[in-house]
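Below you will find one chain, with nothing else, as structure tokens; this is the form predicted alone, and questions on how it binds or moves follow later.
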Amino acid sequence: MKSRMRNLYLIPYGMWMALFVVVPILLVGYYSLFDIDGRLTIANYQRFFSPIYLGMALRSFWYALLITSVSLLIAYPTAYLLTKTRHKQLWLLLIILPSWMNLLLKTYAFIGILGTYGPINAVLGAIGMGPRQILFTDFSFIFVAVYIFIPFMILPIFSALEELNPSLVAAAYDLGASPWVTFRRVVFPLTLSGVKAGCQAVFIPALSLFMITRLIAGNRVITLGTAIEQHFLVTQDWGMGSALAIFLVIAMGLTIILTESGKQVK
């Protein structure tokens, strides 16, 4: 009886996944088999392995890895400090609060902040350093992307740290372990599941960024997400855009499989 009820509850979830995950992927795969003139072809997949698109793929992975690494370096000590504060839930809410704002609004806000006449350049001018070209650089792109994604890295790490049994840390200290050894041998391995979940939550969307690359980085950062946007909205080559999207879906799936297999091995 319980198994039958459980299967009954899975029906809405299965319908949701079929309509909004499986069917869209199948449609994208279908469009990827046609060229710009509507002829059936596999040339779109062949074009992906050209130096231009392979370069875009490598840049996409590099920037996604860089954004994930910077987010992790900032998020882990932040989450650790949050677990030690008195009003941790309030601080956590303040960190999550910006993620409730529309992504486009935050991006345009950073255009004003990082622009030539923005407050950062005003401060630089006041201290005698003069205005600098901050917007439309790799630094501005990484900075804004990390700001947007870092709450999704902090949350799972914070949850993993909260579930950590403090007696294990105390036992490590009693056995003579230094704070660094305790972190390396006890704390970090036991919170690795939160780190992997956070890396998934940041790396996968960072791999397909296009709006931030266009508005913050200008034409300096061109990734697969930017190329997909161009093919769908500018050149109207839906077939090539769909083929690139399929490769992104495969890359995201492999990322999930690799991280999940790491959890199972552990």
Partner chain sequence: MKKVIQMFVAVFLAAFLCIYATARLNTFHGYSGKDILTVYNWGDYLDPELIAAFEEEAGMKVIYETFESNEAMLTKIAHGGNAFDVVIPSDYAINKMKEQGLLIPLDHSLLPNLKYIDPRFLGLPFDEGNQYSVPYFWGTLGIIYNPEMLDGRHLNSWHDLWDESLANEVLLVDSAREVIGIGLDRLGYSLNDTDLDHLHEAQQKLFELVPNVKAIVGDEIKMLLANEEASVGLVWSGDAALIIDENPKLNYVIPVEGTNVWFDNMVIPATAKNVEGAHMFINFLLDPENAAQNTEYVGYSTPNAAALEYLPEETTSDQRFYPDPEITDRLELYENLGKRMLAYYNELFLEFKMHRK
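Numbering follows the first chain given and starts at 1. Everything numeric here is computed off the predicted structure, so don't read it as measured data.
Not on display, but discussed next: the form predicted in complex with its partner chain.
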Contact stretch among 22 to 30, 66 to 74, 211 to 219, 195 to 203 - heavy atom within 4.5 Å of its partner chain in the predicted complex: 211 to 219
is_contact(residue 81, its partner chain) in the predicted complex, heavy atom dist at most 4.5 Å: no
Touches its partner chain in the predicted complex: residue 163 (any heavy atom, 4.5 Å): no
Heavy atom of residue 99 within 4.5 Å of its partner chain in the predicted complex: no
4.5 Å heavy atom contact, residue 120 and its partner chain in the predicted complex: no
Contact test, all of 59, 115 and 235, partner its partner chain in the predicted complex, heavy atom 4.5 Å: yes
Contacting member of 157, 135, 150, 144, with respect to its partner chain in the predicted complex [4.5 Å, heavy atom]: 135
In the predicted complex, the residue from 170, 93, 181, 111 that sits within 4.5 Å of its partner chain by heavy atoms: 111
Interface residues of 27 to 56 toward its partner chain, as seen in the predicted complex [heavy atoms, 4.5 Å]: 35, 36, 37, 39, 47, 52, 53, 55, 56
